[in-house]
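One chain comes next, on its own, written as structure tokens: the form predicted alone.
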Amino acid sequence: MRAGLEILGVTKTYANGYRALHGVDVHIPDRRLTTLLGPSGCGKTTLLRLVAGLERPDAGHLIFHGEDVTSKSAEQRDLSLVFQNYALFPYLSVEDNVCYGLRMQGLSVASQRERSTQAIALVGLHGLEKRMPHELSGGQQQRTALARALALQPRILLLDEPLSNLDSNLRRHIREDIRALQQRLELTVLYVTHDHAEAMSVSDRVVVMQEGRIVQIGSPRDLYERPLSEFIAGFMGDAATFDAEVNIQGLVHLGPLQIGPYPGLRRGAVRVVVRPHAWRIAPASSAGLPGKVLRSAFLGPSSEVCVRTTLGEILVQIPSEGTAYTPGAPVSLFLSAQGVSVLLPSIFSNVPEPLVQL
């Protein structure tokens, strides 16, 4: 997979002494959507601004399709950036907002109109060309900003938290639009978000960042099912971690439950990551992990049941058409074959190593 963008050894320290990035190395594949994911302050937006040319790194290089652009200005990088707040000109119509960058490039009026018409149609705003930003909904404003970026026909499209100002229902529709456009136009996209569900729904690859460093790169499924650390496991969705022991046969003992065996897994302490959907719940019996229902919540297609056990309170996700469990009911918990990962001891100190997964 050819790299559209190579970020090599990039470091950034601000004037107040805060180091936002620590020697970041990552390749952004051409014609794919790659997401930088992490909590606030992890360095993802700083990295995006360096790629955009809005800031300069203290060390390292930025390579676009084999060309070193580290010292080039934003205007020389052949990219477009969609800001978190859209940055529309309030006194310009949709059409004129979309044409603005084209006009700055010196294109003829006819070329401006042709490209803007195409971009506006792509994002579904046909018929709204003459409206002003204050006459648009939040989703329409976001689409206008996206059309303005697409009209420039950039080699790389940068999206900085593009859905953060939208309500949950609209976020789903817009992210589907962005993904469809990226795949249809085969765009190289670098997308920044702190929302794991958003990252999982739009991305070919996800780059997880923590404290200015990259801690794991992979497909959404890889990161969800095979996290390299408790931080990544928790950030990619609900997960509980437990202390467990591996015996000489490679069986992992989690309370009365056994997982495995795993040939080659050394005897000793490990941590086990369990997703809520990995638990199976059944009426109390002599088998499984005994517990008592504390509360349950109906969530439409699924329900959540919180169970008190000797391992602590455990959140269990089950289909809503199954048995309803009332508070106080005794139950037994079991583990299914998916949604369970075993973190190896060296990962406790954030040293990336392979993990074992059910």
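The first residue of the sequence shown is number 1, and the count goes up from there. All values derive from a computational prediction rather than experimental measurement.
Just so it is clear, the following notes concern the form predicted together with a small molecule, a form of the same protein that is not shown.
Figure note: of the listed segments 324-332, 26-34, 40-48, 63-71, the one touching the small molecule in the predicted complex, with heavy atoms no more than 4.5 Å away, is 40-48. Remark: residue 20 counts among the residues lining the small molecule in the predicted complex, judged by a heavy atom distance of 4.5 Å or less. Taking non-hydrogen atoms only, residue 198 never approaches the small molecule to within 4.5 angstroms in the predicted complex. The small molecule is not shown here, and in the predicted complex it never comes within 4.5 Å of any heavy atom of residue 95.
Though the partner is left out of this view, residue 225 does not reach within 4.5 Å of the small molecule in the predicted complex, counting heavy atoms only.
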